[in-house]
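Just the one chain here, laid out as structure tokens, in the form predicted on its own.
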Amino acid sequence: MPWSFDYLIVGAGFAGMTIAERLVSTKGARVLIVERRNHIGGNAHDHYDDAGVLIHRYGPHYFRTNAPRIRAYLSKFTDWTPVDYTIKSFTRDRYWNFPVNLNTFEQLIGRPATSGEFVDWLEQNKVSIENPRNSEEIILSQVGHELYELFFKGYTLKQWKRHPRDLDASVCGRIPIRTNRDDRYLKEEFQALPSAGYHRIFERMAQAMGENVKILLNTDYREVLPHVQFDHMVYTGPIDAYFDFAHGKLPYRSLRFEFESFEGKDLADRESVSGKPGFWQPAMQVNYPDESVPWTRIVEIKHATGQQCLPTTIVREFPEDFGAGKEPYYPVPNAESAAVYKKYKEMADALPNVSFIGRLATYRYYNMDQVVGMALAEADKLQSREI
């Protein structure tokens, strides 16, 4: 006899776990979650490595939000450690303050300056482009050629394997340009990390659902379809895969992560670079925009987690083509991919008993709080209907 559930949820990341918890807690629904990886949490999964350092396995996840509802919801499952996310850029054999701000300008000209002087410099150097159409034009229109070449062009070429002029303006346009000394990478009102790690959030969500949830790991949802009865599916995987690539494969960029741990003398030798004992580099994240360097950034998340331990771990990120055996991390935002996604979106909208939520299912790069907000909204919608 087939298993019987109210909802089949494909994927146990923020989208899948949030909507599952809401449907169980507010509606008493019976939910089956199917996850192809060997853990819950999706790309937000973190864990302690062999050196005892809490690391973000799939790249850094910097939580931030301006939405009180999302903060209140997640706070049921975690306490928070406040963080000001600061990063630097390494090029021309030195570390630069980044995103571009007054401190960066002073490094560029080699002397103290005022915000007014920086504003005047930008006015003289930026390119007049009334309606920027792509990532190259948006940055040139903001800071001009020198800072574009210094920080943006090479990094974008490595990350996307496309010239900035071939990418939507939103790719580089989301990076702030400031004329004051604000070094923070992000602008949201609430910036923090879960005090015990993201994995604890997901564990506590699962515990809150109790016997009303069954979670299958290491499982492709298609394998269980013949054995399960359900009224509604929530799908958080790649939308093109759901429809068997009927309109072709959507393009993604993938990543390879190279972890390395340090302690003892090897770490002590880095103190002159990091500026403080117990750390390998001077900031949580350092970008490497030079095309001669194969990685795009090095992340040392211990700067942000506040973990007190003697070793530290860094991770180098290497952009890669998406293909067999690779994870789809970044949708490629350009006109061609938007046209293909539109066709899949039309197919998805025609399915009344399937909800498509999350980054992969909507082919859009959302922040974590936006994914949680999408899941909460879809849960509200499903709770209002009878199934």
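Remember, it's a predicted structure, so these values are computed and weren't measured experimentally. Residue numbers run from 1 along the displayed sequence.
The next section is about a form of this same protein that is not shown, the form predicted in complex with a small molecule.
> So in the predicted complex, does residue 297 come within 4.5 Å of the small molecule, heavy atom to heavy atom?
So residue 297 counts as contacting the small molecule.
> Indicate whether the small molecule has at least one heavy atom within 4.5 Å of a heavy atom of residue 174 in the predicted complex.
Residue 174 belongs to the contact set for the small molecule.
> Is the gap between residue 105 and the small molecule in the predicted complex 4.5 Å or less for some heavy atom pair?
Residue 105: no, not in contact with the small molecule in the predicted complex.
> Indicate whether residue 305 is a 4.5 Å heavy atom neighbour of the small molecule in the predicted complex.
No, residue 305 stays farther than 4.5 Å from the small molecule in the predicted complex.
> Select from the listed residues 156, 281, 142, 312 the one whose heavy atoms reach within 4.5 Å of the small molecule in the predicted complex.
Of the candidates 156, 281, 142, 312, 156 is the one lying within 4.5 Å of the small molecule in the predicted complex.
> Find the only residue in 262, 160, 118, 96 having a heavy atom within 4.5 Å of the small molecule in the predicted complex.
When the small molecule is considered in the predicted complex, the option within 4.5 Å is 160.
> Run the contact test on 185, 287 and 330 with a 4.5 Å heavy atom cut-off to the small molecule in the predicted complex and return yes or no.
Verified in the predicted complex; spot residues all in contact, yes.
> Want to guess which of 122-130, 244-252, 165-173, 67-75 is within 4.5 Å of the small molecule in the predicted complex, heavy atoms only?
In the other structure, the partner sits against 165-173.
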